[in-house]
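Presented as structure tokens, the chain that follows is alone, the form predicted on its own.
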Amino acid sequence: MVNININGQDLTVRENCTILEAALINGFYIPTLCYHEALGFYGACRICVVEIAAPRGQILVASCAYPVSEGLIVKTDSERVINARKLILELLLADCPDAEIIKIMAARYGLIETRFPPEEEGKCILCGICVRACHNLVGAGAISLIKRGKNKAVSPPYESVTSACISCGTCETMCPTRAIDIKVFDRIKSLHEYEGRFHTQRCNICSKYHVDNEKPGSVNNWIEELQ
């Protein structure tokens, strides 16, 4: 166990946990989009930024990726933290104008509009949750993050049609911004804002195609079968 201080409150927390985990366990709110307890830290969205006391002065760090240590002092809502989150949310509002969760989080900080030119549409923040879930939880590896910079996107590996998808719906369920909307047409599935198509294979547990006899756009039945 280690002793830390969050927002003036002395706490004793377990070793090998992150600032975000320690804060959430002890009732401190830190917003996040790319973190999921089943997947661990990733550090993509940076919304979870906090301020800590370091040897070279006060610095901002991503709380989901920064481990606690003895005597660590953390501020989760200092002026620097709030300004940093507002800037990140402004950028996300411009990049993902259709994402309701972004609008809600921005409104919490008094942001209704963004100074930056907005995209025409979009919800994906490239947080990687869908990819990590598909690889690490499901083990299918049907989607990947491809390219770099402004061309970065989620797609089947090598941008080709894949048969690795088992239509489990995990990516859609875990997506924080609802960017993934699975639609099924005769055993061929399209998902995400990427325009690729996914041929589904038999589930390796029940040996069924979970899109058989489905109406276009309906996934409820085969999700229920997997539960």
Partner chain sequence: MDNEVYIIEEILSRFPADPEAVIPILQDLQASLRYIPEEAVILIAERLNIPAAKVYSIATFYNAFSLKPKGKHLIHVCLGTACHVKGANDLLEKFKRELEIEEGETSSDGEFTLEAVRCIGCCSLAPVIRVDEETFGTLKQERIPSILEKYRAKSEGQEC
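Positions refer to the first chain, counted from 1. Just so it is clear, the model here is predicted, and its values are computed rather than measured. Note that the rigid core is defined as the largest set of C-alphas that superpose within 1.5 Å between two forms.
Although it is not shown, the form predicted together with its partner chain is what the next lines describe.
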Only one of A107, I146, L137, I73 comes within 4.5 Å of its partner chain in the predicted complex by heavy atoms, so just point that one out. I146
A142: touches its partner chain in the predicted complex, heavy atom cutoff 4.5 angstroms: yes
Check whether Y29 has any heavy atom within 4.5 Å of a heavy atom of its partner chain in the predicted complex, and answer yes or no. no
Can you check whether P157 is within 4.5 Å of its partner chain in the predicted complex, heavy atom basis? yes
Core-aligned, does Y29 move its Cα 2 Å or more between the shown form and the other one? no
G122 C-alpha moves between the shown form and the other one by 2 Å or more, core aligned: no
After the core is matched up, is the C-alpha of I59 off by 2 Å or more between the shown form and the other one? no
